[in-house]
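Below you will find one chain, with nothing else, as C-alpha cells; this is the form predicted alone, and questions on how it binds or moves follow later.
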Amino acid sequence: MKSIRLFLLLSLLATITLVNFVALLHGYQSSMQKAQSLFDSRLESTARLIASANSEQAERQSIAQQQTPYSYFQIWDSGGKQLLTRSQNAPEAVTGELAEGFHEVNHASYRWRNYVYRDQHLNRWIVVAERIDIRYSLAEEVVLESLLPIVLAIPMAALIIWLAVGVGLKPLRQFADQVRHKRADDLSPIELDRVPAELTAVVGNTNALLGRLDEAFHREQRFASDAAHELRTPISVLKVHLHNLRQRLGNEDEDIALLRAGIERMGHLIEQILALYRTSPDQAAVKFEKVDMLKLAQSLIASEFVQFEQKQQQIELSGDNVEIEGNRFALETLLHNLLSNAHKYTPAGGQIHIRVRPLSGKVALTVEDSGPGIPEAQYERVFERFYRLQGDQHASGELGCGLGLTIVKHIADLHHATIKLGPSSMGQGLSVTVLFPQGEQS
C-alpha cells in the first residue's frame, strides 16, 4: 500500500459508485415503469377527451391531423364494422381487437400502444394509440436527465473525499514530519495538538521508546565519563612508577623501554576507544554548529606543530574559508587522526599537505603525505576496527591500534560525508579526501 489516502479514496469511491449503480438501476426501472404508467393515463384521458369532443360525429370522415405523427385515433361504431372518424395518419382497418383496455399492435412498421375505450353514451368504440419507441425515448430522456446529476456528483464526491481524508490524516502527517525532522540529539517526546484515538497508542509507545533511549544514552555517557576517569588514572600511576624506575635503572634498560612502549600503547588504545565511542554515529549527544574547516585546521596544526618540527616534516595548509554544519569536537578528532596518521607514517623530512576547498557543491578536506601509502586493495579494510596494515609489526615502528581511520569513518558518517582514498600527488604516500555536504545537517 503506497498511500493510505489514495487507498481510502479509491475504496470509498468504489463503494459509492457501486451503491449508486444499484440505486440508479433500481431507480431507472421504477422510473420507467412510472413513466409508462403516466403515458397510459394520458392515453386513457385522451380517449375520453376525444369521445367528448366528437359526441356529434356520425358520418365517416377524416379529421385533419392535430396530433403528432407518433399517435393516432379512430372512432368505430358499436359493431366495429364502420369507421366513423379517424386522424389522417390512422389506418382504415381495425388494429388489434376492439376490447376495452390497453393493447400492443403493429402498424406502419412500428410497435404501438393503444387504448380502446367503450363510449356507452353513443354506443361506439374510441381507439387511441402511441408509438412505443417514442414513449420509451421520452421516458428515458426524462429519467436520464434526473439521474445525470447523481453520476456527475461522483467526481465532486471524489474531491470532497480527498480533502476530507487529507484533513483526517493530518495528525499522521504531523507525526511523520516530527519524526523525520528530529535531529540526532533530539529525544524529546513527540507532541501533537490533537491526537486521534487511532494514533494514541502509536504516539504513546514512540514517546516511551524515545524516553528509554534518552535514559540509555545518558547512562552510556556517564559510563564513558567514568570509564575515562577509571582507565586514565591507572595509566597515569603506571607512568609515574615507570618514571621512577627509569631514574633508578636508567633509560637504556631494555625492559624499561618495552614497559614504556606497552604503557604508551595502552594509553593510546584507551583514548582511541573513548574517542570512537564519543564520535559514533549512533550516539545522539552531538551538537551541530557552523565550523570553518580552514580555521579549524590552522588551530590544530598550530597546537601539534612541535611534533612535526621534531621530525623535521614540512607541513603546508592551503584553501578557502568554507563552513559546514558539524560537531566541532568530532571534526577536531577527525582532523587530528588524519594528521596523526600522516605524521606517524611520513618519514623524517617528509611532506604533509592539507587542503580545504569547495568542490561541486561540497566541502573537500584533503590530507596528503609522502609516506609509504596504502595498497589500493587495502582501501576498504583499513576502516575496519582494530585492523592495521602489516599488523603490530608495522615497518614504521609507530604505535597504533587500528582505530584511527575507523574513527574518521564514524565521524564522516555522522556528518553524512564520504571518504576517498588514493595515491598522493607527491609521488608516493596516501591522499585522504573527506567530502562534506555544504548544507545543514540533521
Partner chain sequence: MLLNAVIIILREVLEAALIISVFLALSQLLNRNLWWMLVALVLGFGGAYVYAVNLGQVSMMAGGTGQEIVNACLHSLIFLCLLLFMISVPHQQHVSWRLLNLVTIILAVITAIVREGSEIILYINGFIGIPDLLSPVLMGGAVGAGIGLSVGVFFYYLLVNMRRSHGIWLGYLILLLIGGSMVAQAVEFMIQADYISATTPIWDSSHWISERSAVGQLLYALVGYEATPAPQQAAAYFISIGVLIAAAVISYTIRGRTP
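From a predicted model like this one, the values you see are computed outputs, not experimental measurements. Residue numbers count along the first chain shown, from 1.
Heads up, the form predicted in complex with its partner chain isn't pictured, but that's what we're talking about next.
K.L.:
If you check in the predicted complex, is L144 within 4.5 Å of its partner chain, heavy atoms only?
P.N.:
Close contact exists here: in the predicted complex, L144 approaches its partner chain to within 4.5 Å, heavy atoms only.
K.L.:
With the partner left out of view, is L148 within 4.5 angstroms of its partner chain in the predicted complex by any non-hydrogen atom?
P.N.:
Answer yes; at least one heavy atom of L148 falls within 4.5 Å of its partner chain in the predicted complex.
K.L.:
Does any part of S425 reach within 4.5 Å of its partner chain in the predicted complex? Heavy atoms only, please.
P.N.:
Output for S425 is no: heavy atoms all beyond 4.5 Å of its partner chain.
K.L.:
Would F39 count as a contact of its partner chain in the predicted complex, using a 4.5 angstroms cut-off between non-hydrogen atoms?
P.N.:
The answer is no: F39 has no heavy atom within 4.5 Å of its partner chain.
K.L.:
I need to confirm a contact call. Of E325, E140, D292, D214, which residue comes within 4.5 Å of its partner chain in the predicted complex, counting heavy atoms only?
P.N.:
None of the other options qualify; the answer is E140.
K.L.:
Looking at heavy atoms inside 4.5 Å, which stretch does its partner chain contact in the predicted complex, given the options 22-30, 413-421, 41-49, 375-383?
P.N.:
In the other structure, the partner sits against 22-30.
K.L.:
Who in 73-106 is close to its partner chain in the predicted complex, meaning a heavy atom within 4.5 Å?
P.N.:
Result: empty, none.
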